[in-house]
Each structure stands twice: as C-alpha cells, then as structure tokens.
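The chain below stands alone and is given in structure tokens; this is the form predicted alone.
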Amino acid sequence: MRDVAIVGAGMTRFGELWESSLRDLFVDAAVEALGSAGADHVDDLYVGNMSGGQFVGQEHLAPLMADHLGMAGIPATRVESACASGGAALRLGYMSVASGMADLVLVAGVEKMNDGADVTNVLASAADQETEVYYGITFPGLYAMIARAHMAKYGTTPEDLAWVSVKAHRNGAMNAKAQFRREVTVEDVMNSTMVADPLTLLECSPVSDGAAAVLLAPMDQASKYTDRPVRIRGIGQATSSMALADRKDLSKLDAVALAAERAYKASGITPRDVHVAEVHDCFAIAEICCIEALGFASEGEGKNAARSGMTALGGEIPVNTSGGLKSKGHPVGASGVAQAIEIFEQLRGEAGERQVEGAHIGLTQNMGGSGASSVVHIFERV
C-alpha cells in the first residue's frame, strides 16, 4: 500500500446558496481544488452525497458531476452513508490511491438542502424507518434522547450543552466560509427556541448548501502538486445498530469509538498525540459524546470540555476550529470533506485567526444518522 497525501483543496461558502445549483456547487469546489494543485485531470472521482434524489430530484450524480467538470469518461462513483457520506468518500479515494489503481483522485462532497424539500423527512430517512420514524421521531428527538441519557448517567446540564455552541460560534465567527459568522452567549443558546428537550435551536446544526473537495496523490508524487502535502496517516470506519433502542448504552457512540480505535491502530498514535480535531457536532450533545469516544475526554467528562476551555483555541485539544457543523454549516454530504480541509489548512499553517500553533497531527470524525456509521481520519504534516 502506498502512502497517500492531500495535495489540494477547494470549498464553497456554506449557507443558503439560492444562486447555485447542486452541480454548480460541486464544480466550484472541484475547480478550486484542482487549481490549488495545478492539476488539469484526475484518474478517479468519488462524490459524497446523502440524498440528491430527495433534496433536488437528482440521482446518478457521479457521471453528471464528471461531465460538468469537463471530465466525462473518468471512473466516477457516488458514495452514500447519510451524514458520513463525505468521510466515506474520502476513505474510498484514499484506498484508490493507496492500492495503486489511481495516481490522482478527486474526492468531493456536495449537498443542496434549501431547494424546497421537506428536510426533516429527508434526513429522517437515515434513521430506522420501521422502529423509529414510523412512530414520529426525528433527529433532534433522537439526539435529545442521547442527551437525556448522558444527563441521567453523568449529571450533564443544559448549560454544559450550551457551552459547546458558544465555542463553535466563537470559532465560526473567524471563518469566512461559515454559514453563521457571529458569536453567541450561553444565555442566547439556553433561551433560544426549544426544539427537542433539552436541545434548543442554537444547539442544532442548520440546513445548509455547499460543497468541498480535496485532491489525493501518492506521497512520492505529491511534490508535483505542492511543497506542503498533508499525509493521511490512518483511517478507521465502523457501524452500530441503526435504532437507538438496540444499543447497550444511549450515552455512548460505539461506532465512533470503534472507528477511532482502528484509526489509532493504523496510524500508530494515541489520542494524546492529536493536536487539533474536527468532530461531528450535528447537535451539541454529539460533540460531547464524540470527544469521549475518541479518547480526548474520559467517560462522562466530555460535558466539561467546552466550558473549561479544554477544546477551545489555545486549549489542550482544540476541537472544531472551523466552527464545526453548528456554526460553519452542515450540507450533509459535504461535511466530512470540509472537516478534512480544515485539518489540511491547520497542518499547513493556513488557518489564519483560527490557527492552532505547532499543529502536526490532526483528526476528523464524521458520522451518519444517530451514530450508526462513523469514519475517522488521522492526518500528519509532512
């Protein structure tokens, strides 16, 4: 297996992008990624997308995107794993290069969520239809149950949840491509509209449009495209039961823990070696559970991380320096690739006001549904 590096990246702004179509967003991000590396072709294309068919009525995305990029004829594959579609696409792109099947691979994630679809119902298709959705549950409700389980077991409070959003917005305010570039207070979060008790509106990620793309090459060819490649050092992927009722402990995300275990083993590092991380904070409680599953915080102690400053810029392990899904935005198929771009920029020293000084090792964690699928990537500055 060959070592693989990210050699280029491109990303649209995230938000309600009424002026751009699904294909426009993809092309904008892909062209920027290619241009950043001075590349004019790719050998393979992977497109992460959760539900183009339901959001905008367009399936069969891979050949459509290859054609609109001006590269009809190349192998192209659409990858779906709910909100982990982007991360799963990145894993497959990595495998294509590592195996020697391709020397230059474009991995993109894209979603257009604001064109009139019933977003709640589309997203609910990533939950168990027979045992959850049939009875009226939605994703805010599922994560509210996770939050209640964490509260009951560890004493987590509504204020602990609010601090996660405060940190996210503080970072997102410094990100020019974030959907919400404004800071909020604990009081703002706790007094915002209740969505699913105990989760308020400002503890839920938004409905977003956007695209992100990275260009992958073998490490020994990376110098053709950049003098600052970022190596993908290890990957782990795992699944769990779709329905929350089938899990042993609602307060834990077991697929995240298993994916992390595999990624740490593949990369030969431990959680203590990670300098900066992007995790899947679709809801405030998700970040708390994720940092526990990743080993950044002890079981039950994730509730204190944002409040204490542990996960803030300048803290022990800065988490979601981009603003995360909460502030940066969550165009579901694009989020996993956008996470990788934030770490790519951090490890190259290009994150501006959000820069984590001395960052050498970074991690991304992307998950689908209520944690039924999860992908963890570990990156290294070269």
Ligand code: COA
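What you are looking at is a predicted structure, and each value in this text was computed from that prediction instead of being measured. All residue numbers refer to positions in the sequence shown, first residue = 1.
Below, we turn to the form predicted in complex with coenzyme A, even though it does not appear here.
Check your understanding: Check 182, 282 and 330: does every one of them have a heavy atom within 4.5 Å of coenzyme A in the predicted bound form?
Key -> Yes, each of 182, 282 and 330 comes within 4.5 Å of coenzyme A in the predicted bound form.
Review point. Hey, of 195-203, 85-93, 148-156, 234-242, which bit sits against coenzyme A in the predicted bound form at 4.5 Å between non-hydrogen atoms?
Key: Only one stretch qualifies here: 195-203.
Review point. Taking heavy atoms only, is residue 260 within 4.5 angstroms of coenzyme A in the predicted bound form?
Key: Heavy-atom contact with coenzyme A at 4.5 Å: absent for residue 260.
Review point. In the predicted bound form, does residue 218 have a heavy atom within 4.5 Å of coenzyme A?
Key: Because no heavy atom of residue 218 falls inside 4.5 Å of coenzyme A in the predicted bound form, the answer is no.
Check your understanding: Heavy atoms within 4.5 Å of coenzyme A in the predicted bound form: does residue 102 have any?
Key -> Heavy-atom contact with coenzyme A at 4.5 Å: absent for residue 102.
Exercise for review: Tell me, yes or no, whether residue 362 is in contact with coenzyme A in the predicted bound form, where a contact means a heavy atom of each within 4.5 Å.
Suggested key: No - in the predicted bound form, heavy atoms of residue 362 and coenzyme A never come within 4.5 Å of each other.
Exercise for review: Only one of 222, 189, 274, 123 comes within 4.5 Å of coenzyme A in the predicted bound form by heavy atoms, so just point that one out.
Suggested key: Here the answer is residue option 123.
Practice item. Just give me the single entry in 264, 143, 163, 296 that has a non-hydrogen atom within 4.5 angstroms of coenzyme A in the predicted bound form. Key: Looking at 264, 143, 163, 296 one by one, just 143 meets the 4.5 Å heavy-atom criterion.
Exercise for review: May I ask you to list the residues of 354-374 that have any heavy atom within 4.5 angstroms of coenzyme A in the predicted bound form, in sequence order?
Suggested key: Contacts from 354-374: just 369.
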